[in-house]
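As structure tokens, one chain now follows by itself in the form predicted on its own.
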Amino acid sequence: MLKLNTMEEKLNKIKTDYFLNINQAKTLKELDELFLALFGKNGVITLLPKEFGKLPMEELQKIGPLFNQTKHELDNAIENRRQAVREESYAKLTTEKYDLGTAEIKPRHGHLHPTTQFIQETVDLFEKLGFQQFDAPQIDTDEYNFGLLNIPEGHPARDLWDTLYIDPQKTGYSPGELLLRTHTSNAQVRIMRDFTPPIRMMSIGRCYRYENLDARHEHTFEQFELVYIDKGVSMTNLQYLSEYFLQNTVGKDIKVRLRPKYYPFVEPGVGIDGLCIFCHGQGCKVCGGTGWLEVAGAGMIHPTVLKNGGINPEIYSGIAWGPGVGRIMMLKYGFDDIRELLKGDLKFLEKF
């Protein structure tokens, strides 16, 4: 049977050894390791009571208080040493002097991503005309992305957008109710409901489509949207804004054309093309052999959409205008594959 003096000797040895180590500890990390060695799951103090069952009852009554006292003293010793280490570290920081006069500051070579730069330039360009920024969610409902834009469920125009829907089992929404927005046009009705005419707003951000990828198409891309609503707004305003934007971004000599195109949320609708700078109108893989690169879809906001936004189409008219940022950048900077913007290729990005 384990004798009292043996247990007393074991406790005294633990105190002697660990008090020495605690007082010699120089860092908080060392003290944390000592604490775990004593009080952790397999620590010396944690496991010691398992041996008490071998003691007679009268001796156990004596060793119990001694054990508690030892445990308390060691715990206090660690905490006191922690405080001392903190104070020593603080004193060292306040007294040490650093000479930064000879320190070499290496020049930074990084810069903003070209898409970020172009977006800021575009925002600055339209702020000069009185347009303000408006943000719409990237994960949105079918209602704002399609329904309120005159594209009800089952409408054949939905085939124009290859939509990425969110799994309903993970959201609590009904099937087909939640999606990744396919265009920044999901901002249109929100803008109309939040503001009263005259309205000059712009929304710019990331959109998503289930695309077949090629030099002109990406599944993830940036789009820019203008919403301009007032009395007497016409296609003349749309033509001016198109020329203003392209001439100030691509260059004064850019050739632009407007051609009839169908979009459910505008009437009439147009596609805005810029002459392909890679083939100069001859046709190539970038422009799909047409000689022109479609850079924007636009048109007069459909009366139904105005009504859905709470605006009387008998009094007000408006234009919606949405260029693809990547397409414009291809014309501006002269690279021939829109996918380069998302590759993270440093050699490509260093060109900007």
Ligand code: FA5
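Counting begins at 1, following the sequence as shown. All of these numbers come straight from a predicted model, not from anything done at the bench.
The following text describes the form predicted in complex with the named molecule, which does not appear among the structures shown.
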| query | finding |
| --- | --- |
| Candidate from 190, 209, 200, 71 lying within 4.5 Å of the named molecule in the predicted complex - any heavy atom | 209 |
| Heavy atom distance at most 4.5 Å to the named molecule in the predicted complex, all of 143, 181 and 309 | no |
| In the predicted complex, residue 82 touching the named molecule (heavy atom, 4.5 Å) | no |
| Residue 261 within 4.5 Å of the named molecule in the predicted complex, heavy atoms | yes |
| Partner contact for residue 216 in the predicted complex: the named molecule, 4.5 angstroms, heavy atom | yes |
| Partner proximity in the predicted complex: residue 161 to the named molecule, non-hydrogen atom cutoff 4.5 Å | yes |
| Contact segment among 26-34, 290-298, 54-62, 309-317, judged by heavy atoms lying within 4.5 Å of the named molecule in the predicted complex | 290-298 |
| Partner contacts for 227-259, taking the named molecule in the predicted complex and a 4.5 Å heavy atom cut-off | none |
